[in-house]
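In structure tokens, the next block holds one chain alone, the form predicted on its own.
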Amino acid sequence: MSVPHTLLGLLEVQPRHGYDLKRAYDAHFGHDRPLKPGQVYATLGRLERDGFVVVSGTDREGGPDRTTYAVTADGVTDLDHWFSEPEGPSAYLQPVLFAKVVLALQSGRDAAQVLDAQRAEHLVAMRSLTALKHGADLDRVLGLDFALFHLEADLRWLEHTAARLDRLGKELSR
């Protein structure tokens, strides 16, 4: 996830101070990986340096000064570009599991056991994500569905690979 673009998008909706940005980010996107406050302020500093945000005010609400940031025209232009660029597909499982399967076969280990362990791990994750959907807001449900659909695709790959282990083993032993 592009934290700078996500913060710009939140600022486009309305000017906000750092704590409010962190809270909004975490509520919509940071369920499993909330932003650290230092990351928010470091990112705001870079966005300000690059001309994408400006300080629109400072206020004190019974505590320390809070600097409010607003998106600039250049920031909106950058967001327009970001929204128009499709995201390239990313390898969710990465080549690590593939490497484990190939190396298990090459070393005489049980590659099916590697796949079975991964399948079990995915099913646990899927049950956990499905349970989180109950009573959640639609934006959270859609995010959880995104993760679930990736896990389902991974499970298809696991089954596909398990069905071809003998053939793969023979090809690797040549």
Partner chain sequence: MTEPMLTARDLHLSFGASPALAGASVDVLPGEVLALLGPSGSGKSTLLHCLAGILVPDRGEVRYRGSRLDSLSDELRSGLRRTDFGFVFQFGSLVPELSAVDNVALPLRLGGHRRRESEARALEWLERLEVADVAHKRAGEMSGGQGQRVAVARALVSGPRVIFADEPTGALDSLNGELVMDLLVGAAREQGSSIVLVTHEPRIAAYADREVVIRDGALAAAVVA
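Since the structure is predicted, the reported quantities are computational estimates derived from the model, not experimental observations. Numbering follows the first chain given and starts at 1.
Form predicted together with the partner chain: not shown, discussed below.
> Heavy atom within 4.5 Å of the partner chain in the model of the complex: which of 42, 54, 112, 132?
Replying inline: Spelling it out, the residue with a heavy atom inside the cut-off is 112.
> Among the candidate residues 136, 123, 27, 70, which is the single one with a non-hydrogen atom no more than 4.5 Å from the partner chain in the model of the complex?
Replying inline: For this set of options, the contacting one is 123.
>> Does any part of residue 116 reach within 4.5 Å of the partner chain in the model of the complex? Heavy atoms only, please.
In response: Yes, residue 116 is a contact residue.
>> Using a 4.5 angstroms cut-off on non-hydrogen atoms, would residue 33 count as touching the partner chain in the model of the complex?
In response: Residue-level check for residue 33: no, no contact with the partner chain.
>> Within 4.5 Å, heavy atoms only: does residue 152 come near the partner chain in the model of the complex?
In response: Residue 152: contacts the partner chain in the model of the complex.
> Is there a non-hydrogen atom of residue 145 within 4.5 angstroms of a non-hydrogen atom of the partner chain in the model of the complex?
Replying inline: Looking in the model of the complex, residue contacts with the partner chain include residue 145, since a heavy atom lies within 4.5 Å.
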